[in-house]
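In structure tokens, one chain follows: the form predicted alone.
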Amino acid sequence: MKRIGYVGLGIMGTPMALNLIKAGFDLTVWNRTEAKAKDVLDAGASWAESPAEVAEKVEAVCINVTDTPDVEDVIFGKHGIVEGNPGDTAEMVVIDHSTISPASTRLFAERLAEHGVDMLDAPVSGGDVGARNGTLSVMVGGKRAVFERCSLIFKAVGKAITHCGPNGAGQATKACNQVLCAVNLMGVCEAMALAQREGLDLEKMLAVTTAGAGGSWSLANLGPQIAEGDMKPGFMIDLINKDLNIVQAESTGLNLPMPATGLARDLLRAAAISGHGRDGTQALSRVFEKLGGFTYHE
């Protein structure tokens, strides 16, 4: 595959699309706001007027949009991907890098199959840094043969690439990942709160704990931002709240108690209600500052 489409050029989609161009793919793109496609178009991508027009020109379409209804709309809505698929080729693949419902993903895959289109759910983890560096973790659900056919696409954007199982398995794995991110971040905020109230040097505390058994991606990457008061979004509070709503729906359907995730979800919702919805997930720290009557950053 050389002709690739990309739909959705946000914080993650733009650097991922740029890495596809760097890898030598012929890229055609569409975004709801054309101005946000400027960097990708300047790098050599072609513009399409709709997802349908993207599908007319390519062998695979990557999607990177916000939520389940958005994915459904760009695939099946007016001027959606299925309208542009000629329907006479087994080569067309929809690769969904969004984070959405596993159950809906399975349904979308069934509906696409009726149009002669294969689907891979391929959510990613690693934030905007991983997207820029091409080092994302990519968790993929779908047919093994289709996964292998698209392997060069995944290698252009990610480092740890795993076929997790049939359609929906990639999204279910991403749900597990988001549980770990949310609960881990809550622990980072609490540990740093303790350090601050104890009068410790946060930089030294982070250096020691990041190298120890308590080390994590959140501690290494978000801990310094919390210490500096940097709330710039790599991944927004509103988006992780959306992801945790997916986790809640899945766990409810499975009759599975998830108390730590529930607490993290409540605190992250409080951050959004406090006006931090479009800040980075590290803005969870603002809730801990209010609860503890302190600030991490002077």
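Note that the coordinates shown come from a computational prediction; the quantities given were computed from them, not determined experimentally. When you see a residue number, it is the position in the sequence shown, counting from 1.
Note that the form predicted in complex with a further copy of the same chain isn't included here; everything after this is about it.
- Screening 111-119, 70-78, 150-158, 135-143 for residues having heavy atoms within 4.5 Å of a further copy of the same chain in the model of the complex returns a single hit, 135-143.
- Taken together, Val179, Val188 and Leu219 are fully in contact with a further copy of the same chain in the model of the complex: each brings a heavy atom within 4.5 Å.
- Just one of Leu41, Ala270, Met231, Leu263 comes within 4.5 Å of a further copy of the same chain in the model of the complex, counting any heavy atom, and that one is Leu263.
- This chain is drawn without a further copy of the same chain; in the model of the complex, the residue among Ala37, Met236, Val247, Ala48 with a heavy atom within 4.5 Å of it is Val247.
- Contact annotation for Gly84: none of its heavy atoms lies within 4.5 Å of a further copy of the same chain in the model of the complex.
- Although the partner is absent here, Met258 is a contact residue: one of its heavy atoms lies within 4.5 angstroms of a further copy of the same chain in the model of the complex.
- Under a 4.5 angstroms non-hydrogen atom cutoff, a further copy of the same chain in the model of the complex lacks Pro224 among its neighbouring residues.
- Although the partner is absent here, Thr209 sits close enough that one of its heavy atoms falls within 4.5 Å of a further copy of the same chain in the model of the complex.
- Along 148-174, residues Thr162, His163, Cys164, Ala169, Ala172, Thr173 each place a heavy atom within 4.5 Å of a further copy of the same chain in the model of the complex.
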